[in-house]
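To begin, one chain is listed below as structure tokens, in the form predicted on its own.
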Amino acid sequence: MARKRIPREPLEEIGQGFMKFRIVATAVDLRLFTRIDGRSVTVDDVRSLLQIGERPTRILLNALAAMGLLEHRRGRYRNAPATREYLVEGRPRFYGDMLRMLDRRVWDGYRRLEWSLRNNRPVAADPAIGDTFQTMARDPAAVRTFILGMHSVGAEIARKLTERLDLSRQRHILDVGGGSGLYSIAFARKNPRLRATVFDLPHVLEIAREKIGEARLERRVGTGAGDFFRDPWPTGADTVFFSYILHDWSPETDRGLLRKAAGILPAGGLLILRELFRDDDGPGPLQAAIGSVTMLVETEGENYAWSTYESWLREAGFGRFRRVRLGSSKSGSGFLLARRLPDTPGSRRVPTK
């Protein structure tokens, strides 16, 4: 009986993944796609733009063309449609900042993955300083790279989220750990009566105020400076929003944050949890599972299951859950809605400190 052939191509794709990533990240750093946008260029044109030799220019352009990021015809190259949409600086859906963040920050953590596996600790954190985010705060350039990277990856998600999420009855949203303010800006644009407060550390809010100013939403999107672990939260909101926050932290820490959210919301108040969710009954989806590996090298958390978050929310006084999936089944991307339940007789409001 002939032995069944098992293809090696899937492993080859995995093995070449880092090569493709570095090629594209380098092209983004060189601002290649931005510089040639709207043009049809030759090798000599690009050689002159980048101030590098003919041979490396030709090799780079051919690799990008073979990957489908450039179109090639009769010795000339131009941006492919997806490249024009996502890799040209200044475009609303520019994704290059996320590639820069992965390249400059996450890449090294993955090179040291074995250390995190053996020590159950993130390689990105300096024990003498604190957690990963306290470590990063010492380097303003690293903070900006991280925040702009998350802004970049979130732009497409924010668009999908506003299409699926009806906030017409909400009046004030507290965006906890809101970073650049991307989601608050998107919610305010979609809902003209909604106000938002981006709650984050002072050095992060410098970037948020830049983005809010660019959107001309200063009258409805404000900022509140503070450490969401140690400081009191701004009050008056009927909605609390977490985006990519809880996956960074341990279950015990996350339960505490959800109790804080319950403590500032009125009965019936809305909580929106935006994450990559693991399946309730399996190891996937793929992106959520790989994202947990990133959390291993970066933080003390992981991507938790839908049902895990629901159990924590019940403990904190929430109910009336609604799961909404975004994107493909491989991503786990989605958001979970919950309502603050009325206090029962004899119960006590959860303190916000």
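The structure displayed is predicted, hence computed values, not measured ones. Numbers for residues come from their place in the sequence shown, where the first is 1.
Omitted from view is the form predicted together with a small molecule, to which the following refers.
The partner is absent here, but in the predicted complex a heavy atom of Ile245, alone among Leu271, Ala124, Ala188, Ile245, sits within 4.5 Å of the small molecule. This chain is displayed alone, yet in the predicted complex one of Leu102, Val204, Ala262, Ala158 has a heavy atom within 4.5 Å of the small molecule; that residue is Val204. The stretch in contact with the small molecule in the predicted complex, judged by heavy atoms within 4.5 Å, is 171-179, chosen from 76-84, 214-222, 189-197, 171-179. Proximity of Glu210 to the small molecule in the predicted complex: non-hydrogen atoms within 4.5 Å are absent; the residue sits far from the partner. The closest non-hydrogen atom of Tyr95 lies beyond 4.5 Å of the small molecule in the predicted complex. For the chain shown alone, Phe277 is not a contact residue for the small molecule in the predicted complex, no non-hydrogen atom being within 4.5 angstroms. The small molecule in the predicted complex is approached by Met150, whose closest heavy atom lies within 4.5 angstroms of it.
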